[in-house]
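Only one chain is included here, represented as structure tokens and corresponding to the form predicted alone.
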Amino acid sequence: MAVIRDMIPAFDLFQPTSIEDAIDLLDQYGDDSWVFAGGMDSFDWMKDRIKRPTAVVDLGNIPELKGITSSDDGLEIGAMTTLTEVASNSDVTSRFGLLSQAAGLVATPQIRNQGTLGGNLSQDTRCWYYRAGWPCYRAGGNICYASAPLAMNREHCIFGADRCVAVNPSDTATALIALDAKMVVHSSKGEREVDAEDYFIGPGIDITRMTVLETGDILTTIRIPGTWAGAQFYFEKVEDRKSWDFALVSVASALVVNNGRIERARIAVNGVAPYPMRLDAVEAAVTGKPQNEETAEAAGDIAIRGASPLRHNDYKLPLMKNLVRRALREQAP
């Protein structure tokens, strides 16, 4: 098990001023490199001496990774833009309030002032067995301690388990999936754009990662199309404490409602799987239906189909069901 120490391991710190220079450094050091954004996840790993990179590449001095640009086609947000700026930006709040709500509920004001949107999206799971240095599947071992018969797994997944049962911890991920956002990733191979729902991966694809980012990749921009601007939004995060905590379950929805009927819907949840889940079956079921309690109740039932709770987390079934119901009913609290 990890022992907390006073000093983090030594490394070479690089502070490039361009994306190109950052990519060159990541290619040079390969698997011994570490991308540093706001540091909220990085410092946790390093202070426990579990992660020991040779080179840390700090993205904080790259101006093109910061800021929010608005156009008729939507928004572009630099991955190094702080969560505070995302939550308070007038274009985000007026057109895509769903993301503003989600960003504003991350941790505490101090953490939101330092933490970045890209870092919140790309952080590693918070499973305490894994974070404490236990040799689980995700860490290269051959066991999942959280799924053992007497394990403490109250916060773990009820969907998508594949050896690992850890959940994705991002608050902003669900909002961006509901908004049909695109993630722009740069590497020495060029630029590629990934749908938000495909940016996150499960252990069945790669048990050592939570996103599509590989060594040498940098998330540079989040693009939000204007398709859902001004839609009816709902975001709710249930946590043990009112701040400084990760979601037990969260939900985000974007609805276009006309004459009391749901014309279009995008709904996502987090805290229930190793990746934020888009609820395709729920979206299909509610499209064209009246926005009322009956539709919302049916949607909640559909949302939890196929769930496989662990010993201590079956409470997530009614919690997820009710969050989906609340996200779809006409007058959400």
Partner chain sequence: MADVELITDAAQQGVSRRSFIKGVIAAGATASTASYLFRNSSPLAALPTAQGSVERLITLTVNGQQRRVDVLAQETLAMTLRYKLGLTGPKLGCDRAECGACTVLIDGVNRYSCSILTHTVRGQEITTIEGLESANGRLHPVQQAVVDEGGFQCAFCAPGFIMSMVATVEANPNPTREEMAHALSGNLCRCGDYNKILDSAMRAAEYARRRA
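All figures in this text were calculated on a predicted structure; none of them were measured in a lab. Positions refer to the first chain, counted from 1.
Form predicted together with the partner chain: not shown, discussed below.
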- Query: For the chain shown here without its partner, which stretch in 174-182, 237-245, 221-229, 189-197 has non-hydrogen atoms within 4.5 angstroms of the partner chain in the predicted complex?
  - Reply: 237-245
- Mark V257 yes when one of its heavy atoms lies within 4.5 Å of a heavy atom of the partner chain in the predicted complex, and no otherwise. no
- Item | Heavy atom of S94 within 4.5 Å of the partner chain in the predicted complex | no
- Query: Going by a heavy atom distance of 4.5 Å, is D21 a contact of the partner chain in the predicted complex?
  - Reply: no
- Heavy atom of K47 within 4.5 Å of the partner chain in the predicted complex: yes
- Message: Where, within 114-135, is there a heavy atom within 4.5 Å of the partner chain in the predicted complex? Residue list please.
- Response: Q114
